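A lone chain, given as C-alpha cells: the form predicted on its own.
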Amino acid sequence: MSTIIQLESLKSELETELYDHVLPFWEKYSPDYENGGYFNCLDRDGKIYDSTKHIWLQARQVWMFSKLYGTVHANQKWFDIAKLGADFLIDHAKTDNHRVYFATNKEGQGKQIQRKIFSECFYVMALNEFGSISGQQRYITEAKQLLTHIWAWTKDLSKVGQLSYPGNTPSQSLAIPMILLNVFEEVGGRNWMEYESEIMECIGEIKEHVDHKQQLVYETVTPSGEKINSIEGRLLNPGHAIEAGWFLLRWAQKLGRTDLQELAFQMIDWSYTLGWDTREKGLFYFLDADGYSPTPLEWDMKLWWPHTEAMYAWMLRYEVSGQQADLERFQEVKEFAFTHFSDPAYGEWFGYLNRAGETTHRFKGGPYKGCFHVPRALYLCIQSLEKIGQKLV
C-alpha cells in the first residue's frame, strides 16, 4: 500500500470516529436547552446521573464546537451548541473578583471554586474561540481581560488561595506554563507577538522541568529548576509531559526554533518510552522518578487522555519529521486506544481502565472527563494528515 493510500485510509478512520461516534454523543445528550450550558455527567448511554455543571468542561466543549464550526464546516448545529455554552459561561461562570467557578448547579449557581487557574484558562479559550466564529467582540474582550488577571495570579498563587507554609519547599508546577502556552496560542492567533514575553517565559519554565541526564520530565521542581526529593517532587505524569511536548512543538514551528523542536521531540519520546507498559500495553498514569512505588493508588491505571495526547504528539512529530518510526508509534497508541476506550455500542470513549485494559468506570462524562481530549485529538490528527497529504501530492 502506498503511503498516500495508507494515510488517506487512516484519515477516513479518524473522521468516522470523530463525526460518527464521538460528536453525536455530545450533540444528543449534553445540551441543556432549559438552563443553558451542558450536562457533563453522562453515563455510558448518555443518561444524566448528576446535573452539576463543571465549568472547565463547559468551557472546553464551547471551544471544541466553536473550533469545529470555524475550521471544519459552518454547521449551524455546532454554532448553536457553542453559543449555548458560551452564554452560560458569560451569565454564570465568573465571580465578582474575576474567579471562575469549578462547578455550578444546573441553573448556574456557584458550588465550588478551586485553588487553581485552570477553570479560568479554559473560560478564556472558550470565549475567545466563540467570539472569533460569532464576530462578537465582547466575548474576545472578556477573554483577554481575564487572561491579564490569570497571568498576574501566576506570579502570586496566594491570590487564588494557594498558601505556603514554613515547612513547604518552594515549587513550581509544569501544568501552569504548559497550559498558558496553549492559551496564548489560542488567544494570540496570528497576533501572538502581543504575548511574546509571556510565551518566552513559559517556555523557559518548561525547560526547567526537563532533566536531560535522566531523560525525565518532572511535574514539580523548585523555581530554579532543582529536583525535590519527595513524593511530589519525584512524581512523573507521562501523559502530561507528552502533552507539554506537543504544545512546545507547535511553538517551535511558529518560532522557527530547531532547538525547541529537538527538546519537544525528546519530551515526547522519553515520556512515552518510560510510560508505556510493556507487559499490558497502554500508558501508565503516574510513575516515580527513582523507581519507588507511586503513592497515587491509580498510578497503574490507563486513562483516556494520556493516550489521546500521545496520538496527536506522535502524529505531529510525523508531520514535522516525516519519519516512519513516528507514524508507527502513532499507530501503536491509536490501536490501543481504539480497542480499549472507544465504545461502538453507545459512542464516545470510556475514560478509565485498570492495568490489564479492562473498563473500570462506565460513564462517558464526569467531573474530569468531557467533550475535549478525545474530539480534540481526533480533530488535530485529521488536520495533520491533511497537511501531510498536501506535501505528498
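Just so we're clear, the structure is a prediction, and the values are computed from it rather than from any experiment. Residue numbers run from 1 along the displayed sequence.
Unshown form predicted together with a further copy of the same chain; subsequent notes refer to it.
- Within this chain, Trp276 is remote from the site of a further copy of the same chain in the predicted bound form, having no heavy atom within 4.5 Å.
- Although the partner is absent here, Lys111 lies within 4.5 Å of a further copy of the same chain in the predicted bound form, judged by heavy atoms.
- For the chain shown alone, Glu186 is not a contact residue for a further copy of the same chain in the predicted bound form, no non-hydrogen atom being within 4.5 angstroms.
- Contact annotation for Pro367: at least one heavy atom lies within 4.5 Å of a further copy of the same chain in the predicted bound form.
- Contact here is defined as any heavy atom lying within 4.5 Å of a further copy of the same chain in the predicted bound form, and by that definition not a single one of Glu27, Trp151 and Pro223 is a contact residue.
- This chain is displayed without a further copy of the same chain, yet in the predicted bound form the stretch 286 to 294 from 213 to 221, 124 to 132, 286 to 294, 238 to 246 comes within 4.5 Å of it by heavy atoms.
- This chain lacks the partner; the member of Met200, Ile231, Ala74, Met193 within 4.5 angstroms of a further copy of the same chain in the predicted bound form by a non-hydrogen atom is Ile231.
- Between a further copy of the same chain and the residues Asp43, Asp32, Asp343, Glu332, the one pair within 4.5 Å by heavy atoms in the predicted bound form involves Asp43.
- Within 4.5 angstroms of a further copy of the same chain in the predicted bound form, the stretch 341 to 368 places a non-hydrogen atom from each of Tyr352, Thr360, His361, Arg362, Phe363, Pro367, taken in sequence order.
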